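Only one chain is given next, in structure tokens, and it is the form predicted alone.
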């Protein structure tokens, strides 16, 4: 529930306003926060009797005590120094403040648990709508999941940064389902498309980078219109994150709608990938091609198989580029100037990247 530090900050603020000392005790009469030392603990037995009594407030040993309930159970007792009428009124106000704090935190964590279970598909359809209604979460609203992952910044407070960026807790929800990633379920206004959401992802990336948080990867699912489909957007964002790290790691931001053929390759069984590589490269692997050849091929693809433009950007003579393409044709039987052959070799490179990524992940999991 509410941390002791939050309670301490609250009564410190109350003291600065009222010029009165406060202490908060738990349901076992132990002091969890106080603005003074050595005035409450010595009356623990009396406080225990008060907790077990039917009274909601009591005056004793120079303090006013007030019970703070969570539903029908005593959660805390707050004490204010003084026995006068003003102390009683200020104590009631302080108890009211702590009660509201309890309610707010309870609602926040109830929503957090609901969103987590929603993302993980742990709820029946009827439970989704019933719990959403109780938590005042609208159903038929456009939403999208943005996934933020950072491996080497466990000390950074990414959730808090995101909450400052998206403070409307009734529309945007921030949570986490594992230790390495933070999830933003963001409401999307009518008329806003996935390009707008991609710009939001870029702003998040720039903000976190400005906080000196490195190794950030951000992915975006598709926009959904119903609360029950948020889990689908989360799965899409999760896939986009992995596919982006395989085929577009330098960009750091991946959108599910723009994954293209990488999405299909990511779902292929490794055994099928190995068979494909074996058939296309005739026993060779992509690693056997020198870096110059692969750079030439990638630039050739970037320029839509345009020989003149590729040779210009590589600062080489056109005949040199043709020579390299001919050399590759002799090695593989593929003429990259033909569209169908170029597509085959492009897929071969991507399948090889996918296999290398999966093998590296398997190795890391075995030795971590």
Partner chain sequence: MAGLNLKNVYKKYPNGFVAVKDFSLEIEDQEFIIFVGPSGCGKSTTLRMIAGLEEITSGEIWIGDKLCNDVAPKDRDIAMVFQNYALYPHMTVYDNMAFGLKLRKTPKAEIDKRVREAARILDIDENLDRKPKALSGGQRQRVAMGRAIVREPKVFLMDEPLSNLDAKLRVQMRTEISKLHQRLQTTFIYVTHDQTEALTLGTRIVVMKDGIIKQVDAPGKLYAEPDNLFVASFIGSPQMNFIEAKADKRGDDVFLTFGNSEVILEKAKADKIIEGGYIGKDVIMGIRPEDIADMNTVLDVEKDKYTPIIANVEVTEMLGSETFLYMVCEGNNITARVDPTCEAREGDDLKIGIEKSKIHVFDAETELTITN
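Here the structure is a predicted model, which is why all the values come from computation and not from measurement. Numbering follows the first chain given and starts at 1.
Omitted here: the form predicted in complex with its partner chain. The next part is about that form.
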Looking at its partner chain in the model of the complex, do all three of 2, 113 and 190 come within 4.5 Å of it through at least one heavy atom?
no
With its partner chain left out of view, choose which of 288, 138, 206, 226 has a non-hydrogen atom within 4.5 angstroms of it in the model of the complex.
206
With its partner chain left out of view, which of 327, 317, 30, 337 would have a heavy atom within 4.5 Å of it in the model of the complex?
317
Answer among 116-124, 245-253, 80-88, 129-137 for heavy atoms within 4.5 Å of its partner chain in the model of the complex: the stretch 245-253
Mark residue 214 yes when one of its heavy atoms lies within 4.5 Å of a heavy atom of its partner chain in the model of the complex, and no otherwise.
yes
Residue 177: touches its partner chain in the model of the complex, heavy atom cutoff 4.5 angstroms
no
Residue 260, heavy atom within 4.5 angstroms of its partner chain in the model of the complex
no
Please run the contact check for residue 353 against its partner chain in the model of the complex: heavy atoms, 4.5 angstroms, yes or no?
yes
